[in-house]
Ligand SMILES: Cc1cc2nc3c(=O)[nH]c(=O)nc-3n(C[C@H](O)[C@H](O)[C@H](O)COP(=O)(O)OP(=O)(O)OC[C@H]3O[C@@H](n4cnc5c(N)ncnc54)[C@H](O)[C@@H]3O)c2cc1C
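What follows is a single chain, given as structure tokens, in the form predicted on its own.
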């Protein structure tokens, strides 16, 4: 079948009737109509609808190499630099629809599946490699939506912590039989848990020395024994005036419980091979392809933040002050740096050992280390510029009350009336001070893990020998 539209996405997820819990209760009926999920699912459906819009189709889709039908562009395995640019354009077109606020829009997981299928031989097992390739084609041809979980529960983060196999917390293989592998335990942070067709599970960095934790697979979200326990929702209502971001783009995060879940052999990509588990992220194209997608999204997100900041400056007419100009310039510098790093990764891309055109890792590693540092600063700048204006923000119903005329008059700004000023400041509040904003900031701080560990990885991986050689040569010069 060709790429899907929004209605197909919503209908498919509703029919699954996955085991999803939130606020102490199991979700019953259509999950797409549940207040906690409705906004994000509607926004995600819009992304799928865009694939059929005349102005977007050629950007968001391409011809399938197997069926000839239109399929999602972010499933495209890049074979040249033109393909990389096409993928970027697709990612950014979708990101502009959600202001870069949906970190788990379909392009993220489409990229993951494409990357591991491209290097399927790395799994070093004929059946597992074949399973990975077939799963990629299944996802591509049916436009399957995916969530994932890469994290173990934070029971004890000591470097010497070992779980007791008889009372394990982290999900592990407890049995292998004719049907497949049996998984029992928990995994963390499945963003959009319960909102997707399937869940993809890959090994974490932890426990890679234990074969019971060396597994990779994908299963439907309604698989028996699979449960999603969601955190408190941060969308405090459906009114997009009051909550312009959270009402639309709140992606629920969930704990995933595997209660003796059987994963069929044809869905297993890795089992018991700790050596391969340790190579999945270092010898595949996963890191550069994934960071290329994420940085493409982050450019759009930063553009949006800059637009909101400049709108605040214009609304209260403070652009003449040098400290304001300096703050806005900080964001401009961040944006242009991200754009330059993204461009450099494409300009210096090369074919990897698997035959895939892969963005240059070095500028992307720089971008990966940079964004967790600059995004929280952007949000701080928004708080500093908005100041008390981010607190003095009535809700839409206040404008409809007997005091509406007074609010509209007394809260006006230099370039708009009170209603439009509050609309802008509520957007800035939802981006910088709300529970949704706090989650976004934490998300960007730790998107790829501990920033200190990321810096250590860049330190170890970045080849500096030629620069040292330049210094040595200089010191030896006699002129």
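Positions refer to the first chain, counted from 1. Note that the structure is a prediction, hence the values are computed from the model and not measured.
The discussion below concerns the form predicted in complex with the named molecule, not included here.
Tell me, which of 198, 242, 250, 253 has a heavy atom within 4.5 angstroms of the named molecule in the model of the complex?
The residue from 198, 242, 250, 253 that makes the contact is 253.
Partner-contacting position among 174, 328, 370, 151 - heavy atom within 4.5 Å of the named molecule in the model of the complex
Of the candidates 174, 328, 370, 151, 151 is the one lying within 4.5 Å of the named molecule in the model of the complex.
Which of these stretches, 113-121, 141-149, 220-228, 82-90, has heavy atoms within 4.5 Å of the named molecule in the model of the complex?
Looking at the partner contacts, the answer comes out as 141-149.
Could you tell me if residue 449 has a non-hydrogen atom within 4.5 Å of the named molecule in the model of the complex?
Flag for residue 449 set to yes.
Whether residue 190 contacts the named molecule in the model of the complex should be assessed with a 4.5 Å heavy atom distance threshold; does it?
Residue 190 belongs to the contact set for the named molecule.
Is there any non-hydrogen atom of residue 439 lying within 4.5 Å of the named molecule in the model of the complex?
Yes, contact at 4.5 Å.
Close approach of residue 453 to the named molecule in the model of the complex, 4.5 Å, heavy atom
Output for residue 453 is yes: heavy atoms within 4.5 Å of the named molecule.
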